[in-house]
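One chain comes next, on its own, written out as structure tokens in the form predicted alone.
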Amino acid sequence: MHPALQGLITIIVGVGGCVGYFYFSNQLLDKVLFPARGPNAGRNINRAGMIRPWLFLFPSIVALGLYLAYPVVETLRMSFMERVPGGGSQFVGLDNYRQMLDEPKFWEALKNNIMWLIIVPAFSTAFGLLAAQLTDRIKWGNIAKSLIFMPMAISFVGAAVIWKLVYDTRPIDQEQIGVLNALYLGFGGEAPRTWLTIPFWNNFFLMAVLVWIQTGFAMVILSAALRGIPEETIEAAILDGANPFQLFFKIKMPQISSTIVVVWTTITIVVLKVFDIVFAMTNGQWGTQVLANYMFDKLFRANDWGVGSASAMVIMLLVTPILIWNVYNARKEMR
């Protein structure tokens, strides 16, 4: 079957299935289970009204249970198991966690993740806030916003390929196609550098890719928050003699602090799960290993799904407090 036709059939079946589910489930509820007729019509309508929201939630609950809850429980179980020769598995308790903690690669990955957590959210949020402020002050601001937001439409692997060309290295007797090496040689460098193999600094070259992607996201959210600031407070500050820096840091930023925190934590969650960029550009070599790539290596290269599952649980434990905190703040703002 032609892929386009297959995609069209999938859309028709998917959308038609959703419409059919909601239509027939409501018919079953209103016509069969709780019909709005007879002496109990009022009570039946109330009962149908109580059950109807669950009809809409049911597909999502099933999907979340199947694709989220079950994998978490199964991964936790697998982190306490070990494969045995001849097939099957056996319970080994915390041995997988002990083995993981004894490996230098795990601590390298954890250290690098901490570096990513410190640098990427800070720079992405700062550049996004700067772009949001500056683009609102120029005539062609919407065009500038579109260009800055454009990397968000690129997959992480696509962005990694683009930036790998930026860092590309050719022999000294050949023309450099890598932008960074071209600039380096143009400003007096003696020989092209293999940037992605330079220990410690290569992590920052990888982080630049994610900052480039996430700056557009931060800009859009923070731009909306800046536009939501009441004009009265800005006009009052100007009348009181506030200069542009005081206006931005003492008037605007305090009023959008909650939005800044949301953007920061959202990017933090992305950073904790970063995998594609490292996998496509260095594959965790030369001191660039991160937790998600470490987990991938254990699961699919070493075929050690015990330690791989243990590392997956570590990532989940690191992400969970941030998710809980985000949900808590969202509910507090809705009150």
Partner chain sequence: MDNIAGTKSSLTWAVHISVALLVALWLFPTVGLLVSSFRTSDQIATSGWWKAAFPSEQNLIIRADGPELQVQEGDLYVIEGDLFEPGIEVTVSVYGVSSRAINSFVAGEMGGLTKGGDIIVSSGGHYRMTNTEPFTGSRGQRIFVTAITPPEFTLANYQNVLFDPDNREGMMKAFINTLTVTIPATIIPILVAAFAAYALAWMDFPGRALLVAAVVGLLVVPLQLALIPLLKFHNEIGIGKGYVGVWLAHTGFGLPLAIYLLRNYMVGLPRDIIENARVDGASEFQIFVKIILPLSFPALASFAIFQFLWTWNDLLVALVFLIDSTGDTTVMTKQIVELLGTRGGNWEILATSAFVSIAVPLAVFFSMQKYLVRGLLAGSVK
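For clarity, a rigid core is taken as the largest C-alpha set superposing within 1.5 Å between two forms. What you see is a predicted model, and the numbers here were worked out from it, not measured in a lab. Numbering follows the first chain given and starts at 1.
Although not depicted, the form predicted together with the partner chain is the subject of the following passage.
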property: Interface segment, criterion being heavy atoms within 4.5 Å of the partner chain in the model of the complex, picked from 204-212, 185-193, 114-122, 99-107; result: 204-212
property: Interface residue in the model of the complex among Gly93, Gly158, Pro199, Pro254, criterion: non-hydrogen atom within 4.5 angstroms of the partner chain; result: Gly158
property: Contacting member of Phe80, Trp264, Phe127, Phe248, with respect to the partner chain in the model of the complex [4.5 Å, heavy atom]; result: Phe127
property: Contact of Phe34 with the partner chain in the model of the complex (heavy atom, 4.5 Å); result: no
property: Trp286: touches the partner chain in the model of the complex, heavy atom cutoff 4.5 angstroms; result: no
property: Any non-hydrogen atom of Pro59 within 4.5 angstroms of the partner chain in the model of the complex; result: yes
property: Contact of Thr233 with the partner chain in the model of the complex (heavy atom, 4.5 Å); result: no
property: Residues from 155-194 in contact with the partner chain (non-hydrogen atom within 4.5 Å) in the model of the complex; result: Ser155, Val157, Gly158, Val161, Ile162, Trp163, Lys164, Leu165, Val166, Asp168, Arg170, Glu175, Gln176, Ile177, Gly178, Val179, Ala182
property: Leu299 C-alpha shift between this form and the one not shown of 2 Å or more, rigid core reference; result: no
property: Core superposition between this form and the one not shown, C-alpha change of Ala48 at least 2 Å; result: yes
property: Flag for Leu317, CA shift 2 Å or larger between this form and the one not shown after aligning core; result: no
